[in-house]
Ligand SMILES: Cc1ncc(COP(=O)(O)O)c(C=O)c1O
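Before any questions on how it binds or moves, here is one chain, the form predicted on its own, in structure tokens.
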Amino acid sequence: MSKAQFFSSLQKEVARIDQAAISKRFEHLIEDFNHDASPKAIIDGQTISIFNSNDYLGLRHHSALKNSEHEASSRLGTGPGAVRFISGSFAIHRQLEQKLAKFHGRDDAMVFSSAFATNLAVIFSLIKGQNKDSLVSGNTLVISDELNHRSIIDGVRLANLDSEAKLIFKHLDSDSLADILSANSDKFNRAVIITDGVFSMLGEYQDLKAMRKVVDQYDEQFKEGVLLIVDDCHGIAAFGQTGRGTEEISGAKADVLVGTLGKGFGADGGYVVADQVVIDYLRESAATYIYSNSISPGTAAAASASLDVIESAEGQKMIKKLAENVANLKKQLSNKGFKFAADSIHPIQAVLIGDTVKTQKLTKAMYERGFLITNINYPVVPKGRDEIRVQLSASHTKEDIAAFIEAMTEEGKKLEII
């Protein structure tokens, strides 16, 4: 009877989520892709143009990645077989880490099973010592941007800090960050600043140059300094002239940079790059690295091939085309009367609708016309800020974008959005 009561509570919570229209379990199932110049998904037997993918450069369908994955899997098997420190480390894992470190101009890198797992482990490990025998002190002040990703929030929560040691600075506001550091410099051994590089709801990016100035200004006022951790999963391989993300766009570097192989790189897994001492420490302390399998050798080979493509002339053309696609879509949608929730130059373009019902109806109508987009509604965004989050790829052709604009315009007029 008690368990039945618990299950009843779970059922009510699921019903509440459904009533709020924020359910996530009713996914579209991709059955296949066609593989024309612009790959399209097959869903329910229908050909669908995907305008909500994180595959910003279209690399998941690139022949070099698929061939590398196949070759490595044929030689090394489909999975790692164990965690890294037992027998799950392959030469391809280490080669990938060295390539990532070089790509970002850092000493070393670590690959994790996912970017979420990377953030959990990196943040927790650098906030507190792992146990009572650790030589790494606690007494850390953590300061986060108010719109940080859930993985950052959960990484901080894991540390179980007192409330006064977990503070929030105003979104994209380095002056707010400076005020917090100034007010707390005599209370903590060190400060750890954590932020997204690109914020996934609106495609905004953090001005790391302004943040770096603040971090450096207050570094000597804390016994163990001020550390800047940046999660740039939506920036790397999508943003910047050479695909190096928010650091490249803003002209400044993080102390610890977290990235993903599962978005712009077209593969899977997460990673962190930093100074050698930080990586050495994380290899000894990061639980989701030590106790979880890494990505498969085939996936590591695909990611390694992706780095080669991005560094090539072909990859640079992809990055340039992506930027052109962003500019093209923004211009055309604006000309048709659509408004944006933010002035983003990133492949994430948030089209402001402002009405929950209309965003849902527009998403459904666009799907019926062969386009997959995502509606973001209250309470995920504030009331009146409901949006359609459009995500562009270098694989989108001018014809794809023109067809998308035409459908959006026709459906937008029907719904009296424009």
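Note that residue numbering follows the sequence shown and begins at 1. Given the structure is predicted, the values throughout are model-derived calculations rather than measurements.
From this point on, the text means the form predicted in complex with this ligand, which you will not see here.
Highlighted residues T242, G264 and L322: none comes within 4.5 Å of this ligand in the predicted complex, counting any heavy atom. With the partner omitted from this view, the residue of T299, S144, S294, T260 that lies near this ligand in the predicted complex is T260 [heavy atom within 4.5 Å]. Contact with this ligand in the predicted complex, defined as a heavy atom within 4.5 Å, holds for exactly one of H93, H104, H346, H149, namely H149. Contact annotation: G203 falls outside 4.5 Å of this ligand in the predicted complex, judged by heavy atom distances. Using a 4.5 angstroms limit between non-hydrogen atoms, A115 touches this ligand in the predicted complex. Looking at E247, you'd find every heavy atom of it more than 4.5 angstroms from this ligand in the predicted complex.
A residue is said to contact a partner when one of its heavy atoms sits within 4.5 Å of a partner heavy atom; A303 fails this definition for this ligand in the predicted complex, lying far away.
Partner contact region in the predicted complex: 233-241, out of 168-176, 233-241, 218-226, 181-189, criterion any non-hydrogen atom within 4.5 Å of this ligand.
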